[in-house]
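So this first bit is one chain, no partners, the form predicted on its own, shown in structure tokens.
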Amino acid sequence: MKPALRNPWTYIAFVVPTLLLYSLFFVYPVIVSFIYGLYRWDGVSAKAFIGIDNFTRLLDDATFLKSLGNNIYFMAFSLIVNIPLVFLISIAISKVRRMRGFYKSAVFIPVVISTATVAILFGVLYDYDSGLFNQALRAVGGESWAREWLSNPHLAMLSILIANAWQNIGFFIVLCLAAILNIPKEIGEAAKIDGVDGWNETRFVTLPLVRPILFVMLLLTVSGTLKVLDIVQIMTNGGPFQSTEVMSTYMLKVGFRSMELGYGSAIGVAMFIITMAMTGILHRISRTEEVHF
């Protein structure tokens, strides 16, 4: 081994800058947000210390509780619909022998498109008069089938979820597909010799072996849906009638529109605590041993 690699200062030189950046852009903002949450402050005048009043106010804030419910709805949809869909599509692509690279690239293309572009694109597709979706519905059932996708409180959140799934599902497909293709062929051949094939092979062989990747997908989904912001902000800005309001959009409105930076910081701290708690619970429930081939 080279002398430089035996020197502990070599490793410190690489680790310390990363820790400093992590502390600057993650640890420090969390601490400052908690401190600001203890004050009543509009960002201009002097801060007034009010203790934990901002945090207790969250429990009585109907809008915050509704936004939390919308985040949970966002998360539930992604876990119940997106994850199984990702697994099934990954299985289907893994069975393809020709043009597999094309399919992998095709499903991944939406991932590299910016969220703002996706939001604007689906806003055009959802347009009542000229949107593709309503045009297709009119062709099938007439004018009565057309819908106000983003203006209807009962359809707005579902419309956003579809757009979000279209953009992000490709990333998870690539992860899951890599895990499936990494399973040694000998395992599949042994399963076929034992009479396990088709759906049973997927259920009893493939699914258990890709559980670690599925667990990573669950963690990313939970953390991502609890702090979702940009696609909601651009498509509906939390409307109509707060039907798509999520914690992050509500935090922005409180902090920068109502100029209640103390209460906005309390909302941000609540988001952090809820996200950490949910991922911790999921880790305990889904704890599994590493799979060895």
Partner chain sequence: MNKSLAVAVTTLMSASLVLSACGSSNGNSNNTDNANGNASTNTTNDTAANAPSNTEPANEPVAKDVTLSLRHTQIKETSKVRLKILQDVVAKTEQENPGLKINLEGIDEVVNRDQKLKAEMAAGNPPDMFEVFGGADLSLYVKAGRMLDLTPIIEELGIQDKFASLDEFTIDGNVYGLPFGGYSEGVFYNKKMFADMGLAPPKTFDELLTLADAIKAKGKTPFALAAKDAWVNGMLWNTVMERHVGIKGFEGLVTGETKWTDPDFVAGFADYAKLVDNDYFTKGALGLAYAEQGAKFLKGDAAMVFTGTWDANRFTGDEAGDLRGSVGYFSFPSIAGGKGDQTSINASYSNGFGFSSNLTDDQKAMVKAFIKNFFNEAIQKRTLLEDKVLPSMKLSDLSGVDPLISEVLQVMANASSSWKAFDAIVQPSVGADVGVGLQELIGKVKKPDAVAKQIQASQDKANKQ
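Treat the numbers as computed from the prediction; the structure is a model and nothing was measured. Numbering follows the first chain given and starts at 1.
In what follows, reference is made to the form predicted together with the partner chain, a form of this protein that is not presented.
Enquirer: Report yes if any heavy atom of Ile234 sits within 4.5 Å of a heavy atom of the partner chain in the model of the complex; otherwise report no.
Expert: Yes, Ile234 is a contact residue.
Enquirer: Does Phe256 make contact with the partner chain in the model of the complex, using a 4.5 Å heavy atom cut-off?
Expert: Looking in the model of the complex, residue contacts with the partner chain include Phe256, since a heavy atom lies within 4.5 Å.
Enquirer: Is the gap between Tyr128 and the partner chain in the model of the complex 4.5 Å or less for some heavy atom pair?
Expert: Flag for Tyr128 set to yes.
Enquirer: Taking 4.5 angstroms as the cut-off for heavy atoms, does Leu150 touch the partner chain in the model of the complex?
Expert: Looking in the model of the complex, residue contacts with the partner chain include Leu150, since a heavy atom lies within 4.5 Å.
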